[in-house]
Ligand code: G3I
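Listed next as structure tokens is one chain, alone, in the form predicted alone.
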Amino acid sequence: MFKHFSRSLSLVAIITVVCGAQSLRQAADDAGLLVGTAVRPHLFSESAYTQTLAHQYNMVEPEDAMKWPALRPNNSTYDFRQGDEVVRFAQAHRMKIRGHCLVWDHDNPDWLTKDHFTARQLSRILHEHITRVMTHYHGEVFAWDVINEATDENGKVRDSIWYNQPGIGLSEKGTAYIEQVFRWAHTADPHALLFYNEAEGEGLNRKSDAIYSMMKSFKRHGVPIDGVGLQMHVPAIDADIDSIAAEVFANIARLTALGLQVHITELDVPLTVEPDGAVRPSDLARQAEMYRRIVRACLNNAGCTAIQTWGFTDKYSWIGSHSHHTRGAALPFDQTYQPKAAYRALLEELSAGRSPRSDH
């Protein structure tokens, strides 16, 4: 009992120290930037989670609460309770809300993937889903990841239920189905910002070249798209930080030159962890430098308008389970909400503000 009481006091002390200093939120506000994190509404009952979240961030995005399994228990029923909880929390703490995500080939409910719908039926289901969800959150969600990870590692349109298995009637027509969902989304909420969100296309490679070409084509053909989300799950160990930062900066520059916004949407920097969870101090220093350089790449371009991490405390990061606990410690706060070197790097860069040449 005494040990539990001491641990609780320590946690209160940590929160008091972090919340008493300048926050990421204050620094981002001063820099004219959104700083956000993905959240899980069932954790709002944990005071350390909510206090840190509300103090440090001015934007939230649900990890899963606005995905199909949470919203659509069956074809005829919508359940907005989890998503609405995120909205209520954000509104109570004056935070912006990003929606994630309307269309993805992963994480779909069994009734959708196993009922053998025809292309015509899938088109109707998807159109109705986009319209219903965006109408429900009209005026509350300011930006949506309309479609998530629609291209493979080579930049080709990924095989999926929405593209060609069986697709929504635009099978084998390249990016036509992606264009269609953006048009549906714009009709559903003309005021929301619409983003294409992608992984492993942050730097300069075959995939990011394909994304750039797709965005250029969309702009030329009047597809209603406002921006690109760069997920930014980036390594720190054995990585050329200078090269990664330079490529990210160049990629942001060419995307924003098309008239698009860029959001960094899922930033985390996983490290190698020992069986007991320990991390080498030198690795934490490299992690901090990676965070610093990614944030600076964004701040140096006025078209990069938001930086978001995928969670904020190592206590609830997806990295551990995804890597069978060989990697972790990927976020700015450790498992006890203690700010790490990565947090201080974020704060220092945000406090420094945008480059005088960030409009070029």
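These numbers come from a predicted model, not from an experiment. Start at 1 with the first residue shown and count on from there.
The same protein also exists as the form predicted together with the ligand; that form is not shown, yet it is the one meant from here on.
Taking a 4.5 Å heavy atom cutoff to the ligand in the predicted complex, the contact residue among W104, Y212, W184, Y137 is W104. Residue-level contacts in the predicted complex: of K156, H93, K96, H233, one residue has a heavy atom within 4.5 Å of the ligand, and it is H233.
Every residue of the trio D64, K67 and W318 has some heavy atom no more than 4.5 Å from the ligand in the predicted complex. In the predicted complex, E149 approaches the ligand with a heavy atom inside 4.5 Å.
In the predicted complex, W310 approaches the ligand with a heavy atom inside 4.5 Å. Contact between H100 and the ligand in the predicted complex is found at the 4.5 Å heavy atom cutoff. In the predicted complex, none of the heavy atoms of E179 sits within 4.5 Å of a heavy atom of the ligand. You can rule out all but one of 215-223, 200-208, 234-242, 141-149: in the predicted complex, only 141-149 has residues with a heavy atom within 4.5 Å of the ligand.
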